[in-house]
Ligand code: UDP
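A single chain, nothing else alongside it, follows as structure tokens in the form predicted on its own.
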């Protein structure tokens, strides 16, 4: 029996270049790699995304069992998520029409992010199949991290909050990546634990490896600037250039360090990106402009070399529901210094594979970074423990867990339908 999944990623394509914009990051990796892993088994996955590039083919195959289908809904150009809600209904209708033309229906809908979940509610109801969703971020929780003032939310925020409440009430299962996230959603929506399943994001352990000592030396030499020695202490930041990532705090922390470390900021587009220019100007103002580099977004095959070249990955985010880059860095044998927020403490074990910073202030980060870079024995011990600490995030294990959840949900739905017939 063929098991077919309609996976929805309306606002961003899983093949979008990572880190280039604020809308392409860990979620894109999650959707792409989960679908590929499911497709390596007996499941068939169609990923539906909104067509945002008129030159992209309507359909692309990720492997023999996985297709990426671009659905026309609104103008065929990139739009921020805040402008996409008016096109959700059209997106849902066109996905349903695509399914009608196919030889087979779908056994389950799996949506990602609230816009996809709104479409997923409609499609799951129309097809009478289970609906699994993953919020990735929740508006009410995200607003708290920005210190949103009390009072009425903006119209866009209020719309999202309203629909996220409906999604939480209707979805058969909500996937969360950590125990911390499950507890937050349980309290926020009054949900029973049985409807919230913890399934973390995965990592490609074959792509992200520590390599040999020679590999690490070669990576450091290759990425070293011409004006600095290859053994200069190197810190790394990877991700979307979004305010929630706290990059201002990172630059301020580096400026306050006693050890003059070099910092590489992966993300954005160094050619004309306003946020890159703003961060570059801030680095100059702080007196560290000559030690901070902005190479832009980096393709995943090359990213492992940046992890290997770094003494530590630094995460100064206001909030992270999970923290995929932390897992990637640890898989590559690189310790992580991270803010003690969101799901990061479930990945970074203080004093075991990295260091956690309890207070989100520059002085606290600077002190922890100086401690790490100034202690060779500590750094070596954390690096040795890094990869073993994340081996349970292997995509094969994650895929097996998701398959089992899908099968349990569909079996329960078939049983319920059978009971209704008598």
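Model, not experiment: these values are computed from the prediction. Residue numbers count along the first chain shown, from 1.
Omitted from view is the form predicted in complex with uridine-5'-diphosphate, to which the following refers.
Query raised in the report: Taking the partner as it appears in the predicted complex, which of 185-193, 167-175, 89-97, 298-306 has residues with heavy atoms within 4.5 Å of uridine-5'-diphosphate?
Result: Selected stretch: 298-306.
**Report entry** in the predicted complex, the one of 107, 320, 311, 139 near uridine-5'-diphosphate [non-hydrogen atom within 4.5 angstroms]
**Finding:** Filtering the options by heavy-atom distance leaves 320.
Requested in this report: Sort through 362, 357, 29, 66 and report the residue having a heavy atom within 4.5 Å of uridine-5'-diphosphate in the predicted complex.
Outcome: Answer to the contact question: 29.
Query raised in the report: According to a 4.5 angstroms non-hydrogen atom cut-off, is residue 399 in contact with uridine-5'-diphosphate in the predicted complex?
Result: The answer is no: residue 399 has no heavy atom within 4.5 Å of uridine-5'-diphosphate.
**Report entry** Partner proximity in the predicted complex: residue 14 to uridine-5'-diphosphate, non-hydrogen atom cutoff 4.5 Å
**Finding:** Looking in the predicted complex, residue contacts with uridine-5'-diphosphate do not include residue 14, since no heavy atom lies within 4.5 Å.
Query raised in the report: Even though uridine-5'-diphosphate is not shown here, does residue 119 get within 4.5 Å of it in the predicted complex, heavy atoms only?
Result: Residue-level check for residue 119: no, no contact with uridine-5'-diphosphate.
**Report entry** Distance check, residue 324 to uridine-5'-diphosphate in the predicted complex, heavy atom within 4.5 Å
**Finding:** Close contact exists here: in the predicted complex, residue 324 approaches uridine-5'-diphosphate to within 4.5 Å, heavy atoms only.
Query raised in the report: Every residue in 25, 240 and 245 with a non-hydrogen atom within 4.5 Å of uridine-5'-diphosphate in the predicted complex?
Result: All three within 4.5 Å in the predicted complex.
Query - Heavy atom contacts to uridine-5'-diphosphate in the predicted complex at 4.5 Å, residues of 255-294 in sequence order - result: Counting only heavy atoms within 4.5 Å of uridine-5'-diphosphate in the predicted complex, the contacting residues of 255-294 are 266, 267.
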